[in-house]
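Only one chain is included here, represented as structure tokens and corresponding to the form predicted alone.
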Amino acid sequence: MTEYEAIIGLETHIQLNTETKIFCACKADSWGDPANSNICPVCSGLPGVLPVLNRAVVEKAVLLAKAMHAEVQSDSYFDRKNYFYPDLPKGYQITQNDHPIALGGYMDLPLPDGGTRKVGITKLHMEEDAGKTKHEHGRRLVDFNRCGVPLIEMVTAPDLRSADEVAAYLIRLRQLLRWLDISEADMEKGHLRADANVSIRLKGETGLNEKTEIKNVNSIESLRTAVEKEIARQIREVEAGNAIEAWTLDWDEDTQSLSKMRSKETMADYRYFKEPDLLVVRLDEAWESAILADFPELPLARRERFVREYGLPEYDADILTSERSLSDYFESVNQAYGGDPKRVSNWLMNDVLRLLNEQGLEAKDLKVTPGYLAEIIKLVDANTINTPTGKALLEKVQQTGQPPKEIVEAEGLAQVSDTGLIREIAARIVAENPDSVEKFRGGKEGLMGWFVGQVMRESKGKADPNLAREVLEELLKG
């Protein structure tokens, strides 16, 4: 049987989370704004206007270049990319071509088998976004709100080998962009857009064959599906004796299908030349040092450190480094707790993450400060409160922002460890449920959990569950 392998590269457009656009003072993020409500003479391309570069765009580009191990250039230039389309009011896009902000680079992509794949970066440059067209009531309408939104275009080498690797790369890239706080990286809002260049070859070959480009995909899962479908199509075409043509393909989310948009453009079609209205971007050593002064430990490095330093399982470390503020929160709680890091990890992964998901928060937004969570865990460890009360206390602290010990004292939540009181409650439950007692003594020992639950209910969750079990075992088996 003939074996093929996919050769895939990605072109990603990353919308930077600056306050203003790249060359004017208009608001950068216009998601949800009325059409054409966030434009000015500069970004709408009126005659006689001049662009002024947003300094923050350069700084965020340098951060990403550093994270991607790219070589930041001291001098870079903007160019004009010429093409005519309704959403491009100037008739050209200001971008970088010959002398971009950074050269080279790579991302180490963890693979399911435990290895990594080095995904090379062939382009990393700054540019402005174009507008957006849409069809409505038989007319084609243009919204210029996105014109001038700052982007970094980053293109990978053809180093990915499957649709799953494409998805894994985008997940890691999205994590990195949020970690560095340079983009919200929400694909549904267009903050992160990815086009896939796909070709196939016989396994063992080294050459590159004709490729197609998949566009207009707005989620990672949809891109995974689109790439899978295109790989399967190309294999069918080759096995039928047909040549693969260099098409640009459009993804239809409703029908989950690809269709031909046009033949792919070439570099010559764009007639690049230097942008005459902008000076060289000169990044001297002092400016670069200031940008990188607080450069953070990156997620993969922190994940490895969590395993090595705290003895966490790789699964825990991966979850806890999925988002920077959660990662920082874990370390702060662990420092305040001073005990087993795995115990802190369990609380975060089982209870804090649930709270964050339910309330749509990030860890840095919690009223349950790292110190408060450490205090709750210590109260449980000391048997001052039981685990169910601790979980409920977490919710109460988040609601009120009060210290855990104050809530425990004010609401009388301390655990009941009085053997006499627990025996009194247990004896009453045993006396009131003779059928269940008979079934338990007849071999249905799983009912012990039900009996313990009844004691906990009667004590309003404050009984020591271990002590309740001991007393019940004595009453039921005695």
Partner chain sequence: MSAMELCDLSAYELAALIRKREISAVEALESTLERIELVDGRPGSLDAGEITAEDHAKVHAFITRTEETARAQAQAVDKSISEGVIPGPLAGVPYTVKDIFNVRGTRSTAGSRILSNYTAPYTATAVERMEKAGAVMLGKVNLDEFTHGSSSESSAYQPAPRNPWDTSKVPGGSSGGSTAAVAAGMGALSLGTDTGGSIRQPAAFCGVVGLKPTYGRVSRYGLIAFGSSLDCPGPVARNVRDAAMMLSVIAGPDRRDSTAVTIPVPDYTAEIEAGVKGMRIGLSPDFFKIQYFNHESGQMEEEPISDEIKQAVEQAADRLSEMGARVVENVPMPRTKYGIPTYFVISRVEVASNLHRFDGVKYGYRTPVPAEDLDELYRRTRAEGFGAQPKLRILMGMYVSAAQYSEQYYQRALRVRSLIRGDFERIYDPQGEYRLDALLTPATPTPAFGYGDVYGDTVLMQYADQFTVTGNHAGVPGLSLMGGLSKERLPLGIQLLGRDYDEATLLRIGRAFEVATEDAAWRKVRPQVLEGLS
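Numbering follows the first chain given and starts at 1. These figures come from a predicted structure and were not determined experimentally.
Omitted here: the form predicted in complex with its partner chain. The next part is about that form.
Put simply, of Glu245, Asp269, Asp75, Asp113 only one has a heavy atom within 4.5 Å of its partner chain in the predicted complex, and it is Asp269. Among Phe295, Tyr106, Tyr85, Trp287, the residue placing a heavy atom within 4.5 Å of its partner chain in the predicted complex is Tyr85. The candidate spot formed by Gly449, Val452 and Pro465 lies out of contact with its partner chain in the predicted complex, as no residue has a heavy atom within 4.5 Å of it.
You can rule out all but one of 138 to 146, 174 to 182, 312 to 320, 217 to 225: in the predicted complex, only 138 to 146 has residues with a heavy atom within 4.5 Å of its partner chain.
Among heavy atoms of Pro89, some come within 4.5 Å of its partner chain in the predicted complex. In the predicted complex, its partner chain stays beyond 4.5 Å of every heavy atom belonging to Ala232. At a distance threshold of 4.5 angstroms between non-hydrogen atoms, Gly204 is out of contact with its partner chain in the predicted complex. With a 4.5 Å cutoff on heavy atoms, Leu50 counts as touching its partner chain in the predicted complex.
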